[in-house]
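What follows is one chain in structure tokens, specifically the form predicted alone.
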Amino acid sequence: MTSTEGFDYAPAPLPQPVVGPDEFRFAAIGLDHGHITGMSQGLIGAGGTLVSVYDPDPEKVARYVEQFPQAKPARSEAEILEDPSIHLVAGATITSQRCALGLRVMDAGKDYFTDKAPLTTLEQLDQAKAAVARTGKKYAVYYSERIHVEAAVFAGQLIEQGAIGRVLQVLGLGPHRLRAGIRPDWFFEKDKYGGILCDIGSHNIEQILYYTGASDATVTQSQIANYNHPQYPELDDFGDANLVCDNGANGYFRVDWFTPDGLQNWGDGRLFILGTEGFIELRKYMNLATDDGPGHVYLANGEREEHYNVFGKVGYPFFGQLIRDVLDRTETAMTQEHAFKAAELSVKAQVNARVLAP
């Protein structure tokens, strides 16, 4: 599929159910970001049963139920949290409120699956870690630009197979289309959305950790700017950062809100992965000035150079793994440590960023 806006990018799942009907039941709470659609579709595609939905805004609920008629509108958040048959709650509320929702979900005895960024402050991170330790529940994160992109999934498989040797550097480009007129007010309030490096930058930091195999990293430099949107003084329309990983690898990423209207997609997201034995380039969502569609992976190593078009061929194993992790109490989709480390570094990159332009 194609999408002109990043917030409504929700690829159709390849049918790979890992459970039978009604074996894994989940609900949605908090519909402020369109990523809730992709999160829900991913779980349903892996066999999950969507039970109910709640948001204080009935219009948001009505739109969600139009997409997912199997979801019963709940009268309150408590109605979902008190339902013992629900295993997991998926939420895409306002970014600064995601941690508080997660605490309530976990204290109610359920696992939590939140949109990125999963939190906006280090204080919230401490609270989330304490709740995970206290309850034994999961605080899973929808880092969609890796887990819900077939090119990114396939790149991980190539690296695991040793196709480019040891990864030395990950370079990510994450442009997005702003379309300010259709964004909610909170999107432009920094204490609510967290800043560009905390928000969409979290995708790239997660990918740097994942592809390098690092468990930690140091943000050596980060920068933010509002170059061209003075009418939104709290918006960062540009950001970048350098990271040095604990295994010696390094990463750089740039994120921005400057996708031009003439581009066929919401952003020409690309990733370049350098290894000791070769390199990989991802053209995730499009191939510029063509109608080739998404899912392009380019590989060059000591034996060959290849162009793979993986759209519709790889699928999204994260969702099935998450469902099994919830039911089996395992940790295969993404470790809790990894999810939290990406969030921590995103917040630190934002908080310590040099301001290039007000």
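Counting begins at 1, following the sequence as shown. For clarity, every value in this text was computed on a predicted model and none was experimentally measured.
What comes next is about the form predicted in complex with a further copy of the same chain, which is not displayed.
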inquiry  = Residues N228, Y252 and L274 are flagged as a possible site; in the predicted complex, is every one of them within 4.5 Å of a further copy of the same chain by some non-hydrogen atom?
reply    = yes
task = Consider the chain as shown here, without its partner, and state which of L168, I159, L81, L103 has a heavy atom within 4.5 Å of a further copy of the same chain in the predicted complex.
result = L168
remark   = Among E66, D328, E305, E59, just one has a heavy atom within 4.5 Å of a further copy of the same chain in the predicted complex, namely E305
In the predicted complex, segment of 145 to 153, 118 to 126, 264 to 272, 191 to 199 with a heavy atom within 4.5 Å of a further copy of the same chain = 264 to 272
ask   = Given that the partner is absent here, does N301 sit within 4.5 Å of a further copy of the same chain in the predicted complex, heavy atoms only?
value = yes
ask   = Would W186 show up as a contact with a further copy of the same chain in the predicted complex if we use heavy atoms at 4.5 Å?
value = no
ask   = Using heavy atoms and a 4.5 Å limit, would one call Q221 a contact residue for a further copy of the same chain in the predicted complex?
value = yes
request  = Decide whether P260 counts as a contact residue for a further copy of the same chain in the predicted complex under a heavy atom distance cut-off of 4.5 Å.
outcome  = yes
message = Using a 4.5 Å heavy atom cutoff, which residues in 324 to 358 contact a further copy of the same chain in the predicted complex? It's fine if the answer is none.
response = R354, L356, A357, P358
